[in-house]
Ligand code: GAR
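Only one chain comes next, encoded as structure tokens, the form predicted alone.
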Amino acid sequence: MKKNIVVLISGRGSNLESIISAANKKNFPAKISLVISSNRSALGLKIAEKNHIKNFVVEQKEFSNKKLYEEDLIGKIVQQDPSLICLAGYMKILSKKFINKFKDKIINIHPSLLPDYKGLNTHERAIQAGEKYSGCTVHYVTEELDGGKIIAQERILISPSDTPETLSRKVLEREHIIYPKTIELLLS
């Protein structure tokens, strides 16, 4: 039987789409039981609907404080009894309480070779620093931003002609391969 995973998104949902594609394969060990977006206009919600995956929007601005926001989020996730919670472009920092509730079950994909270039604008910073390589990292989520244990990395060459936009596209292509593979590895 396939294990439940919950995917948290905030944007276009391209990593969500790659996980859905993998989950549709017979031998993949997981199915997406729920997608939650922190953004009502996230394109990823349309992808979830098109694939008949239960989804919710939980926007922090609808709650008087972050604690109530996360309690609602936790309530929706707990109902799914997930083996993994996958952050896929989820642009919210999770609290210690949230992370401890799902200890060692939350993973994220980041568009750099961690521990380098944590946070935002990773491609721009890597190019400006004259790096030869960039890539992406799947890691466990801890209280430290992009600081959890590294599970998998994929490295790519930065070409002299790369811009932050072209590098972003190259890294994203690799994310779409490494994220589903890592989920499969963790749940097999």
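Predicted model only: the values in this text are computed from it and were never measured. For every residue, the number given is its place in the sequence shown, counted from 1.
Heads up, the form predicted together with ligand GAR isn't pictured, but that's what we're talking about next.
Discussion item. Taking ligand GAR in the predicted bound form, would 4, 29 and 184 all count as contacting it (heavy atom within 4.5 Å)?
Written reply: No, none of the three is in contact.
Item to complete: Sort through 106, 113, 73, 88 and report the residue having a heavy atom within 4.5 Å of ligand GAR in the predicted bound form.
Response: Contact with ligand GAR in the predicted bound form is made by 88 alone.
Worksheet item: Looking at 146, 162, 124, 131, which has any heavy atom no more than 4.5 Å from ligand GAR in the predicted bound form?
Response: After the contact test, the surviving option is 146.
Discussion item. When the contact criterion is heavy atoms within 4.5 Å, does residue 13 count as touching ligand GAR in the predicted bound form?
Written reply: It does: once ligand GAR is placed as it appears in the predicted bound form, residue 13 has a heavy atom within 4.5 Å of it.
Worksheet entry | Sequence-ordered list of residues in 165-188 near ligand GAR in the predicted bound form, where near means a heavy atom within 4.5 Å | Stretch hits, in order: 172, 175.
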